[in-house]
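Only one chain is shown below, in structure tokens, and it's the form predicted alone.
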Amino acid sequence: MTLSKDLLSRIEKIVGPANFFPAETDRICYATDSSLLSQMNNWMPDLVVRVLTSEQVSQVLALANEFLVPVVPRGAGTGQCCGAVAQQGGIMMDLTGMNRIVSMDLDNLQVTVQPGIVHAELNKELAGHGFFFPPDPGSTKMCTLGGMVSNNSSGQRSVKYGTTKQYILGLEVVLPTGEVMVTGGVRSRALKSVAGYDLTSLMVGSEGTLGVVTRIRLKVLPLPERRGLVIAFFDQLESTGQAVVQVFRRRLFPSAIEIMDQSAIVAANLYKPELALPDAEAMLLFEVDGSPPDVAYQAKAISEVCAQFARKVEWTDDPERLKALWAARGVVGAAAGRVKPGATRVYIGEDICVPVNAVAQALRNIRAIGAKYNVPIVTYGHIGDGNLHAAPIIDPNEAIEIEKVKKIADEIHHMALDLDGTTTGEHGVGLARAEYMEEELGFSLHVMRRIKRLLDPRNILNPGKMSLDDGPLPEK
């Protein structure tokens, strides 16, 4: 797409020369996210702008709407589903410069932030006051709050604390027309409201297709006094699911329940031999938090439950030992590529979610799919809510392996739906899973398309994503 000189000149005046990037060397940095699909295509925007205020966002969107130019909002670019890439060209809107904490109202358990603030940086600041924002994505040191809102991110602690949407009290959103709305009450500092339609929830998880989030009012919680960890090793995959179900039936409520199958254990040991994890079919990690007596009670009770199914169980609330045990789960994403020399982990088919009692079957199915195509797949995830991350290991320079991994991803996605699950538990739809939305969502997809057309009648905001388009972008 060729942007007119008039449009370029007017946008440069809005953001200033220092935040205006038309050069190819700048634009190429925004052509991909973490997904294999984006890396195969390198969809480069025609212009990158860095916005610093809501007013700039509004003015750029109003111009784009006038000139029928696509706009893709983007944070840190850590996404894994082609949600923030410019498939149809146009303007890439970088929001990372809007990275301030606007206000802290801890007496009312809330803070207001701009979308570009990094998750870990927010929690570092909150920790100094004894609070935290509970959702805990693996990309915490890189991902931005705007991206977390757009994808309704979650992570390891979603079992107890839920996903991002549970903490969003209100948003400032710029619509594709340039109009600005505030959800959750224009002046509200209340922790709940049922005044009008729940437009906040509509925007959370909309992946930048309905509006650009420019301010976030979110709920925070007091930091737990102590954390504990139970780690258990199993000889049978099915026993892991049974243990989790029994933990819940004992009315125990861990903050996180993570699983690593045999492939992930091998990968972690290759990456960090000092972990010396025993060979097992799978391992579970149960994190508990609260007061010291409560942590000790929960950890002992969970250990008793797991002892009925596991070969080995241990628990600790010592901070250093806890850190060492969590290291196994922490390294597995980076470690996955070690299982095949000369290959790398690729992000495709990596985010299915199934019912908790179907996790073992899903793990066995993923293992069988990998064997079918002779491609190693390292699998781990959040068994507490059924969210599994499959990591195929291939040489991305080999065309045959690329074709294999495409088929692997397709089979994994369909397998998840066949197990009454979903193709994405926390990473989003974007382009990577758009083709499955008709099957997964049914008639509700058509309702979503109607909402998209109502709020974005000229289809300029993040077009092509989530299977929301009825056709190609119209020509002026």
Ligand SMILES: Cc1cc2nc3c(=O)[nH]c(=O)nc-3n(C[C@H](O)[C@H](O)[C@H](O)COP(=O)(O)OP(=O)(O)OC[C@H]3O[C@@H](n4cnc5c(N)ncnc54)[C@H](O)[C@@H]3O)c2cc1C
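Between two forms, the rigid core is the largest collection of C-alphas that superpose within 1.5 Å. Here the structure is a predicted model, which is why all the values come from computation and not from measurement. When you see a residue number, it is the position in the sequence shown, counting from 1.
One more form of this protein should be noted, the form predicted in complex with the named molecule, which is absent from this view; the next part is about it.
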Quick check on this chain: which one of G90, G386, P376, G155 has a heavy atom within 4.5 Å of the named molecule in the predicted complex? G155
Name the residue from G228, G79, G241, G349 that puts a heavy atom within 4.5 Å of the named molecule in the predicted complex. G79
Residues in which of 403-411, 61-69, 436-444, 423-431 have heavy atoms within 4.5 Å of the named molecule in the predicted complex? 423-431
Could you confirm whether R217 comes within 4.5 Å of the named molecule in the predicted complex, counting heavy atoms only? no
Within a 4.5 Å heavy atom cut-off, is T183 in contact with the named molecule in the predicted complex? no
Does E207 reach the named molecule in the predicted complex, with heavy atoms at most 4.5 Å apart? yes
Just checking whether P73 would be counted as a contact of the named molecule in the predicted complex - the rule being heavy atoms within 4.5 angstroms. yes
Can you work out whether the named molecule is within 4.5 angstroms of a heavy atom in all three of V113, A120 and G170 in the predicted complex? no
Taking heavy atoms and a 4.5 Å limit, what residues of 366-383 are near the named molecule in the predicted complex? H382
Aligned on the rigid core, do the two forms place the Cα of G97 2 Å or more apart, comparing between the shown form and the other one? no
Once everything's superposed on the core, is V331 shifted 2 Å or more at the Cα between the shown form and the other one? yes
